[in-house]
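The chain below stands alone and is given in structure tokens; this is the form predicted alone.
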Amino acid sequence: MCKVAFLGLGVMGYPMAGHLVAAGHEVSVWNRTTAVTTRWGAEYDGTACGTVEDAVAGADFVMMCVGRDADVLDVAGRAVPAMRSGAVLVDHTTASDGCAKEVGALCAAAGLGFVDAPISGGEAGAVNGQLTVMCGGDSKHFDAAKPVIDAYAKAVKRMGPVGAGQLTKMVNQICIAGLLQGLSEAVNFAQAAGLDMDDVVDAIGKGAAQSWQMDNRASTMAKGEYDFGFAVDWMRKDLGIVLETAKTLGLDMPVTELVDGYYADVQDMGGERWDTSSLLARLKSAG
């Protein structure tokens, strides 16, 4: 069992930090919004801290799950000087690979380990401790951190050096974006043809069309339910990172660019916080 700090108690970080407590670790937490930190401290047997520095003091591992590159650099900039020598910083934020490399260099200069470890599985995966974690970093630091990450993950894999975890998460988001547009068109087609979507999924859901999104979102999409899950705002942030990275690689991403534009339409409809499956709402509004 280790002393672990968790920085960032959003919809993902809040339950993830709770799983660390359940696994028997000594956990301290910090969140930018103090009320959230206080609420977590009242719910779990851990230490709620008012500053980043207090949370990371003496920790063996510091886990971080914040918003964007700028947030990662800001929080890491405060955490690293206060961490003990030899500790490992694990960043679960979905960020750019360039950001990961910058934080990795900062940690190396301070005698710390670093693993970029973006996550997939959504809020339900965080709550149920069933996240998929894609990691980049030195194998020594990954091997040390993996047993801690296991507290909230069903799959943890090292993909290569620092930055490789973030690149793998980009692949993940490319796949999801294209799949959700296809599923939205399929649901729209089925309903226009007078089919019951639950019956359709029963018929095709064990064949080549099967996906996590079909299993978990087709039914709610058919009902027009989007007030949950992974927000459109965050998907647009992720796809922005993908498209910027693709430019540096000299790649054409026509489908990803198209779907990113469709998500912009959903935002214009007031769906900034709707689940990413809300691409169907755009089709309905256009039809």
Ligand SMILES: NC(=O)c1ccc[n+]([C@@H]2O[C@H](COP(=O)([O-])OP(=O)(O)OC[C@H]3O[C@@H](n4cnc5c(N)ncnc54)[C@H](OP(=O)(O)O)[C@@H]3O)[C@@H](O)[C@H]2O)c1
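As the structure is a computational prediction, the values presented were derived from the model and not from experiment. Note that residue numbering begins at 1 and tracks the sequence as displayed.
This next part talks about the form predicted together with the ligand, which is not shown.
**Student:** Check each of Asp150, Asp71, Glu102, Asp138 and return the one that places a heavy atom within 4.5 angstroms of the ligand in the model of the complex.
**Tutor:** It is Asp71 that has a heavy atom within 4.5 Å of the partner.
**Student:** Answer for Gly129 alone: is it within 4.5 Å of the ligand in the model of the complex, judged on heavy atom distances?
**Tutor:** Heavy-atom contact with the ligand at 4.5 Å: absent for Gly129.
**Student:** Give a yes/no on whether Gly67 approaches the ligand to within 4.5 Å in the model of the complex, heavy atoms considered.
**Tutor:** Contact with the ligand, yes.
**Student:** Report whether the minimum heavy atom distance between Arg78 and the ligand in the model of the complex is within 4.5 Å.
**Tutor:** Yes, Arg78 is a contact residue.
**Student:** Indicate whether the ligand has at least one heavy atom within 4.5 Å of a heavy atom of Ile119 in the model of the complex.
**Tutor:** Taking the distances in the model of the complex, the answer for Ile119 is yes, it comes within 4.5 Å of the ligand.
**Student:** Only one of these stretches, 235-243, 42-50, 250-258, 218-226, has heavy atoms within 4.5 Å of the ligand in the model of the complex; which one is it?
**Tutor:** Within 4.5 Å of the partner lies stretch 235-243.
**Student:** Within 171-193, which residues have a heavy atom closer than or equal to 4.5 Å from the ligand in the model of the complex?
**Tutor:** Stretch hits: zero.
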